[in-house]
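Presented below, as structure tokens, is a lone chain in the form predicted alone.
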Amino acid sequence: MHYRAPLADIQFILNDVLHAPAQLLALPCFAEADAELVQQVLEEAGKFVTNEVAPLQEVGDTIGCTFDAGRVTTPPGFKEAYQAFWQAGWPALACAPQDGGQGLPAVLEAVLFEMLSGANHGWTMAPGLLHGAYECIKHHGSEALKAEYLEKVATGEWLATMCLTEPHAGSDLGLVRTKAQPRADGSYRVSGTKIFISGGEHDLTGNIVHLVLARLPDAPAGPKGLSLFLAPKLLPDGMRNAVHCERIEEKMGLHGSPTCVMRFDEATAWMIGEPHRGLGAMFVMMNAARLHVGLQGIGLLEAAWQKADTYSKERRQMRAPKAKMSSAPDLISEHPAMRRILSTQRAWIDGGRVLAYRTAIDSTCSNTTPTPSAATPRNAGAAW
């Protein structure tokens, strides 16, 4: 059984519980994002997720990614689905129009990635870091870097990574040893090894934009000595950069997503932001990913509920209490205990959606000036 996008449940939360269209219409930049447009976007997203991404879940887990002398090949169908995904404009849904985006509310992007995670978490890991990389480059990249990379990342034509962890350091970023040596032309030579890098190498896009934490020669010890660098797989002149995938690491249930050990051998890179302020710049990317991590959980819970609900309507066991007894065993969906379990799971899903969607809406509203004449219903978001 493949995941199916639960559009009716999602639209109920957005329209009837949170009154999202009314709140978004109060913002000048979303004056056209009425209920009809929101519904159209969600319906098309649901079709793509259900028909193109969900069927690849099984092949992603059973075949997985393959590694050969530094090259990574994704499972059959993954590349074609991703090409269709970015060319249809889905990664650019909430990015600014001047950056190649569609300028739609972030809550629509949130819904899209919830559905993608439920349909095929391994495949979704590929574009999962795009929105964070986009925000990081947009807010901290130089004008030259933005001219070269921002639109490619916004549209999803090029995928991006977040290179933090190292073999000896784990999550203690203060122990990062990767070095960055300055060059006369303003670029840097980055050397070091990073582990657990989602999408570090693959065949989905022609280029991969690596965002790497490293230390300058005069860097102080600890996290305050980290700087952030952009090291692409392919340099602007088309030459291959000194960035190498050493192996794919094992991740249970995510065989369709290449989690890589990446080695930088004096790779050409450019600084993002200020020297020794790299962790702050990287946190723009990390914080942008936090809501999406929560949405992954909601999507996976929805997928689990769909499978459990379907199974409960196929499996027969004993006789359920009811007015007219029969000698045949009843479906387990008719047993009160099973109905309670499924209803409880359903409540957790809907409650999570209210929290996540409201967070996306409030984040958008807090960064946008409302139209003074626009009125928001008094009960908008009352469930909060």
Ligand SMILES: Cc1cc2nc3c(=O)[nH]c(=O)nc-3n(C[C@H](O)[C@H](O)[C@H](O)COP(=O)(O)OP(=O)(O)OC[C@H]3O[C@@H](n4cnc5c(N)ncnc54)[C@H](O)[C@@H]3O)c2cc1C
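Start at 1 with the first residue shown and count on from there. Just so it is clear, the structure is predicted and the values come from calculations on it, not from any experiment.
Although not depicted, the form predicted in complex with this ligand is the subject of the following passage.
- For the candidate set 93, 195, 204, 279, a heavy atom within 4.5 Å of this ligand in the predicted bound form is found for exactly one residue, namely 195.
- None of 163, 226, 295, 107 but one reaches within 4.5 angstroms of this ligand in the predicted bound form through a heavy atom, and that residue is 163.
- The stretch that touches this ligand in the predicted bound form, counting heavy atoms within 4.5 Å, is 166-174, out of 300-308, 179-187, 166-174, 139-147.
- In the predicted bound form, at least one heavy atom of residue 251 sits within 4.5 Å of this ligand.
- Contact check for residue 125: a heavy atom falls within 4.5 Å of this ligand in the predicted bound form.
- Interface residue remark: residue 129 is counted as part of the site for this ligand in the predicted bound form, having a heavy atom within 4.5 Å.
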